[in-house]
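To begin, one chain is listed below as structure tokens, in the form predicted alone.
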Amino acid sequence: MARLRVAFLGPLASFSHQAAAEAFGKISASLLPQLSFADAFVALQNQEVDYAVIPCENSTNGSVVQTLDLLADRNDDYKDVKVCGEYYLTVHHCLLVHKGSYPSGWSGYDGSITKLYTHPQAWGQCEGVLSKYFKGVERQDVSSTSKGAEIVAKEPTEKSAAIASRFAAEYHGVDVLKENIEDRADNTTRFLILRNVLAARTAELDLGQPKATASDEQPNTHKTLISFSIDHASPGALASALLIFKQHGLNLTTINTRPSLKRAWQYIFFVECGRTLSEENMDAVVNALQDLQNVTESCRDLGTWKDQLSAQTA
């Protein structure tokens, strides 16, 4: 079997690269950087890659809206893309500077940095250090944390710094001025692993797909992601939709929304739910989707996968 092709948000040495490398570390895979989230989805829909590893939420800073917007798939561009797994990456941010610019390290820092680069998602994860030491310093959004490190590596005369990983520092040859600057030590990003459901080669690889648990085995908890839209003018429409999950034994864990872009102040809802699989509830998602069709304007199954948090604590 040819090496699997796994897309991730590039450039190289980004947190997405690290997550992809760890998630597929035991499998023969080629890791392929993409310029944007959308590029990864397009490559997957066109079967130019086998999987994509995409960040969906951070424990400190919440949901990644770019991912939700692509999953919303308002124009039906990614109809064959579904979630098939997840990976949790503990994220440690470092303050990176051009090599040799601060020989004494953080102890000798003189407050001269005038610009900071990082991905928008990282700012809110490091607000403590930023507000204490870099209040008023210009913040420049870039496409990835690794891109910020690359910019700093190429700016020998600028008093700039980047927020990125030690992995990125080593890859781009810059110095770590201060490490572990995230607000919380348990700062973690969850990545979704996506596949094209029409691709035969990915169907052969078990990434924790639903299986009923035998009586003598440790119970398996699985998650399912469903999106739907409702008639906002109908009283109780959202409550009716959410009640269906309870009726089918599906435990709601998260609810997110994104604008529908059909009419102002109307939304697409994303519901993630979990269940411990058994012979009795194997069809719970199918049955819930059938009932949802009666109380929503549209609904879509975005995939089911093994809950990695429950697997780690089992």
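Don't overthink the numbering: it's just position in the shown sequence, from 1. This one's a predicted model, so the numbers in the text were calculated from it and none came from an experiment.
Not on display, but discussed next: the form predicted in complex with a further copy of the same chain.
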Among G62, S240 and L243, does every residue place a heavy atom within 4.5 Å of a further copy of the same chain in the predicted bound form? yes
Partner-facing stretch of 283-291, 45-53, 25-33, 248-256, counted where any non-hydrogen atom is within 4.5 angstroms of a further copy of the same chain in the predicted bound form: 248-256
a further copy of the same chain: the contacting residue among F134, Y78, Y88, Y109 in the predicted bound form [heavy atom, 4.5 Å]: Y88
Please identify the residue among H222, K159, R190, K82 with any heavy atom within 4.5 Å of a further copy of the same chain in the predicted bound form. R190
Quick one: does F37 come within 4.5 Å of a further copy of the same chain in the predicted bound form, counting heavy atoms only? no
Looking at the partner-bound form in the predicted bound form, is G105 within 4.5 Å of a further copy of the same chain by any heavy atom? no
Hey, in the predicted bound form, is G100 touching a further copy of the same chain, heavy atoms inside 4.5 Å? no
Closest heavy atom of R139 to a further copy of the same chain in the predicted bound form, within 4.5 Å or not? yes
Can you tell me which residues in 163-186 come within 4.5 angstroms of a further copy of the same chain in the predicted bound form, by heavy atoms? R184, D186
